[in-house]
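Heads up, the chain below is alone and in the form predicted on its own; it's given as structure tokens.
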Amino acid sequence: MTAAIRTENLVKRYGRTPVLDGLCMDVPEGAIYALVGPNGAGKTTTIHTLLNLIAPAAGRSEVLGVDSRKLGAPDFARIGYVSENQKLPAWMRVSEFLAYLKPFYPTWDDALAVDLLRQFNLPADRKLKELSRGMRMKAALASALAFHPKVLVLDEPFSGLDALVRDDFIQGMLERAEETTIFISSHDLAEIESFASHIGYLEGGKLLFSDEMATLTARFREVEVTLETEAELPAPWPANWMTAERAGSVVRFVETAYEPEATEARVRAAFGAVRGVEVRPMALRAIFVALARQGRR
């Protein structure tokens, strides 16, 4: 599958502090790819490097097959970008803002722009500074969708938005998903889980995994083992078991490579005779928390 976005051994430092540490990532064309990770993991730095807003110390990245450092006006005319900290020309009316942007994008669609204003309930004659933060974010998204971008990059777009505005934002984004590769960084894991097709987990500037969402949720399970008697945790502890906890004769951990028969065999090998084994699926938030806790350890 063709990659719409790719990084190869990407390195970025601020002083002596590494922010991206050999990042290798492929975002398939047509995917809705969510990049998640704790604060300071390097998500925004990744986006800024992809868009040539900052230069890497080493490695390379590309968008739509073009080296990020060589992106020019024709390339940016195919890339939409919305950020939580995006600055808009506050003195402009919404209609003036869209009219101002139109000449920069050969594929600008007037009919689509009008439809997006209607869909997002955006008042064309209101100045941007008079809009709520949520409405300004919808105006930014409308401006990023009106030219049918091949890639849409969203940096923490849901931060501070109320539930209704988030729903409008997501609906507008998903309606264009068939023609656009969407790359999104977000802490809103419940929302991400509802629509992302792929997910990457970034920590310490390294991509710890990159999976299709269905594959990720299939391989993570919370396991609870009830032993016949109290016992110490086995050593060595299996590499694909995380965040072990023991309370009396009950041991809980997260299995990161779940397969029914293989997992049960590993449990029996580690603990011997057991009274019972209970396996539960995990939501994305629970997976994220388990990975973050493991990273701290």
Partner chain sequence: MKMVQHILKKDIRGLRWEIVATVALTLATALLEWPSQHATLNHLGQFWSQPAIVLAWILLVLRVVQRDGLVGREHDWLTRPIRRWHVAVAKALFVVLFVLAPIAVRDAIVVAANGFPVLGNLPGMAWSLAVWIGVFLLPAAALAVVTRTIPQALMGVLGFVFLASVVSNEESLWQGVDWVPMGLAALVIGLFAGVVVWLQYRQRWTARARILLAVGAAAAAGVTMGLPWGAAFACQRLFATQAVDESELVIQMGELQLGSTAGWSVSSSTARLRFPVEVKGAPAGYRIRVLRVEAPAGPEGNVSLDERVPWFRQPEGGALSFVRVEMQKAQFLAGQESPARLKGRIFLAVLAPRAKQDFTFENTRQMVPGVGVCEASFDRIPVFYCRTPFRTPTETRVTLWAREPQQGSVMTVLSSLSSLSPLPFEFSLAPMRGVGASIERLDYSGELSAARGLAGGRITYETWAPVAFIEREFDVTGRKLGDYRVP
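Numbering follows the first chain given and starts at 1. Predicted model, so just to flag it, every value in this text is computed and none were measured.
Keep in mind that the form predicted together with its partner chain is missing from the display, and what follows is about it.
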Answer range among 190-198, 99-107, 209-217, 175-183 for contact with its partner chain, defined in the model of the complex as heavy atoms within 4.5 Å | 99-107
Can residue 118 be called a contact residue for its partner chain in the model of the complex at 4.5 Å between heavy atoms?
-> no
Any non-hydrogen atom of residue 86 within 4.5 angstroms of its partner chain in the model of the complex = yes
Classify residue 51 as contacting or not contacting its partner chain in the model of the complex by the rule of any non-hydrogen atom within 4.5 angstroms, answering yes or no.
-> yes
Just to confirm, residue 160 within 4.5 Å of its partner chain in the model of the complex by heavy atoms?
-> no
Could you spot which one of 165, 131, 114, 77 gets a heavy atom to within 4.5 Å of its partner chain in the model of the complex?
-> 77
Decide if the three candidate residues 81, 143 and 147 all line its partner chain in the model of the complex, where lining means a heavy atom within 4.5 Å.
-> yes
Within 13-40, which residues have a heavy atom closer than or equal to 4.5 Å from its partner chain in the model of the complex?
-> 14
